[in-house]
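Shown next as structure tokens: one chain only, the form predicted on its own.
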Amino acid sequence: MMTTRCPAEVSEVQALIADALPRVQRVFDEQLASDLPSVTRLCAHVGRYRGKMLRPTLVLACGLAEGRREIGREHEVCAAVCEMVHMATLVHDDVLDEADTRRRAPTINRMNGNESAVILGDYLIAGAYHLCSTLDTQAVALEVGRVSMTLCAGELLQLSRRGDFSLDEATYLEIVDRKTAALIALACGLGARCSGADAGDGGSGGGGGVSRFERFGRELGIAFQIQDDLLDLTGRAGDLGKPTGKDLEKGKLTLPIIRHLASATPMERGRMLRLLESPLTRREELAAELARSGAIDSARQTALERVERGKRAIEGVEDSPAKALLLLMADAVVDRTR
């Protein structure tokens, strides 16, 4: 579970979620169980990719914020589904990025090759859809299918713009919205839906509405990815549990670089482009240049603004310990170092 400094008023709901997360993991593991030892080993290794459990935690917290006093099986299933889709994207991302480690462990592609990693990602996605079918409503499966297509479209868009130093901010945000924010928005919306929220925006009164929780999640997702991009530039591999500089190595322009290039003089732009030619060996120099120009601070400010927009999206939700936890989690998105 994503950790936050919680006041006493939210400790009870935090404990409720902490108790439920092992059940979510059990649903996850049971869904992926196989009679083939080789498949079982790969799925067990993917379990080591679990980190903050952000998406399952958001499913559960949004469900409680919508007014439920307990976490039901439908919440646990939706939490497991979101984590399954997320894990599939991580496995596939490691193939695309040719990554060797994740969370201080070897990646599937490093251990078993790209072919096994691609099929395992597909296995995870198929498992998520099958798990959706155990619910009484088809609405969850429809939403998971829609968002999964959105994730893939976002990845295809990013792949089409790799190494493109003319990438503009609007396109970057479109990629982030599709690749990262869409799944976090789905997690928040499913949590509220499982607690009986309607599909509207909830109006001006108390209660919820799926869409306001989705807006909360979407803004958090954008802030989360901007912070992730900043950590790829300025963080330490030992803290992150994975290599740094992968975005740069693969020609993925992120917000601070886009803003630096957009405002740079011809001389500054030329210097930055030369640094980008060998980003791994000159990463510290590149980060220092971005810090001097104010691009890193500017990107971080945008992440903070997105968090505030997310908080405003749930202003009309009735005050509760669960809502207080959501607000604390929002702040934690940009305060993290890994």
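Keep in mind that this is a model prediction, so the values were computed, not measured. In this text, residue numbers run from 1 along the sequence as written.
Although not depicted, the form predicted together with another copy of the chain is the subject of the following passage.
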Within 4.5 Å of another copy of the chain in the predicted complex, counting heavy atoms only, one of 260-268, 211-219, 69-77, 117-125 shows up; tell me which.
117-125
The one residue among A199, L231, L96, A105 placing a heavy atom within 4.5 Å of another copy of the chain in the predicted complex is L96
Within 4.5 Å of another copy of the chain in the predicted complex, heavy atoms considered, which of D247, E155, D177, D164?
E155
Contact test in the predicted complex: D35 vs another copy of the chain, heavy atoms, 4.5 Å
yes
Under a 4.5 Å heavy atom criterion, is G251 part of the interface with another copy of the chain in the predicted complex?
no
Considering non-hydrogen atoms and a 4.5 Å limit, does another copy of the chain approach T134 in the predicted complex?
yes
Is it the case that M111, even though its partner is missing from this view, gets within 4.5 Å of another copy of the chain in the predicted complex, heavy atoms only?
no
Since the partner is left out here, which residues of 141-165 would have a heavy atom within 4.5 Å of another copy of the chain in the predicted complex?
A141, L142, G145, R146, S148, M149, C152, A153, E155, L156, L157, L159, S160, R162
